[in-house]
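Only one chain is included here, represented as structure tokens and corresponding to the form predicted on its own.
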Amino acid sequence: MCMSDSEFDVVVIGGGSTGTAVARDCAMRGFRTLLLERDDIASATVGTCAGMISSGLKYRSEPDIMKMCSTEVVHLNRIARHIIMKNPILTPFRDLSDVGSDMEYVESYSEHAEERDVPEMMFLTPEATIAIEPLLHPDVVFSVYYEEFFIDPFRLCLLQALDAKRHGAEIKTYCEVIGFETVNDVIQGVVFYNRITGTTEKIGAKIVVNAAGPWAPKIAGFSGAELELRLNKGAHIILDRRVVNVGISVKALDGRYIYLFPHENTTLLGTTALDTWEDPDSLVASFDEIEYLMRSIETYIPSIRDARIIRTMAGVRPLVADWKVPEGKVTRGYQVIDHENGLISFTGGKLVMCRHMAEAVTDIVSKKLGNDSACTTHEKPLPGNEADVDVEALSAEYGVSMHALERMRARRGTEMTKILELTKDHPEWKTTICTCEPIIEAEIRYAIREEFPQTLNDLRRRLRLGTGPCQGTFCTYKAASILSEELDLQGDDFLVDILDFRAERWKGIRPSMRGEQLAQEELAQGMYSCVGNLDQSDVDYDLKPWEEGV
């Protein structure tokens, strides 16, 4: 074991939306903070959500939760507006009998509309509904119009981590917690396996915050504490284009609501809600889940199967352990559990609540450690949100297309000028590497230098590399070459990373293999296995780039 003399006030376990928010709040209040993530930032549960920072509409039976969600939308728009989009949404109806059972939420939604700067819900005629979304079924009798905000969850987590780092926190990815050092049953240190160096390390900790989501019970168990969650699986389908003009929310075949949301350059169809006892690390969307979503949405969008399913994704909601009620009745609030042994855990929660959850637990940490600093995470902007960006002027100044710059602005905000400055000495870095997104070479190099990625999959989360219609078919080799040059990767490491990236894409592609997607994947396999001669006989695929010598 590699021993360390380092001691931290707070060690945060988990690099999702809540963990990075906690690290940011703790660092901003002056605590010596360390965040440990076993993989990459935003590499697990948060990366499988739709990105909605919900107004809390579904939770009208919990007015406090609804109010909290609405207030947090306001805070997030203040601190991270450059990575937030406002989506108009239609809920169409084909049966007037739904009016009585489903209209009671209109008043609840409209109650908080003004503070979120959105209009109150509106009822639209069939003609107005079809005019907004011509693909809807012609039998629509009316619809409800409203607006919700969406955020890039990957960028949110990364920016929170980067801001925590700027305030003095240490961020360690690929470091998996494997135990605690205790004295009289009180945690004194955290033991973790560093997957990059291949060493086991230990650091001192006054307080540990367990923000590991579905894996939180495992972390709590290392200290001898018990923690129960109600794990609930949600699956999404990703379509190859922006199928609809606005978001569509409709009743599924079983009476639940599902949604079809334009998302970046694609469309998300989701979501399922199934209690699960599967390993969260091995979840994939099932055939039945895919067909449930497709058959449900095509009752309102009959042409939905004209679009190609390019990928699926599945994640687990770590709900509060409330049993003997339907999943939809379980609170979407959260609990902070002090195990009274130096460990504090979360259960429940949602993406929109991550900052609120962090404030709640950091208040507890502050009280325990005698710090009376106030929370300012709802006031201070995240990196890139300091001012507006004139994309047209930047395009004229640097000679980069407005399309590429607008996509860069949606990730970077004001920090995009640092990337464009790189092209003055290296004009060749204006080359587009990922044409689906698009992403230029300068942004890839900047991300590698400033945002601590270790793999192509990490770059995907930083930049949406390979997430478009071709699913990395044409950009993987080019991006891998840049990553190898920047990180000085050697031969087999370069090839292993490509295989690992393609395998991660394949995990989401395989469950939806049908129709035109079969031809698409056959093309990709032919390019990599035949033209590129990249198969498992070339390299030791069991060996990760950071595990050499383990």
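Throughout, we count residues from 1 along the sequence that is shown. What you see is a predicted model, and the numbers here were worked out from it, not measured in a lab.
Omitted here: the form predicted in complex with a small molecule. The next part is about that form.
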Exercise. Does at least one non-hydrogen atom of Y446 fall within 4.5 angstroms of the small molecule in the predicted complex?
Worked result: no
Problem set entry | Proximity of L351 to the small molecule in the predicted complex, heavy atoms at 4.5 Å | yes
For this session: May I ask you to state whether M513 is within 4.5 Å of the small molecule in the predicted complex, using heavy atom distances?
Result: no
Exercise. Closest heavy atom of G466 to the small molecule in the predicted complex, within 4.5 Å or not?
Worked result: no
Exercise. Would E37, I219 and R317 all count as contacting the small molecule in the predicted complex, using a 4.5 Å heavy atom cut-off?
Worked result: yes
For this session: Can you check 486 to 494, 518 to 526, 503 to 511, 47 to 55 and let me know which stretch has heavy atoms within 4.5 Å of the small molecule in the predicted complex?
Result: 47 to 55
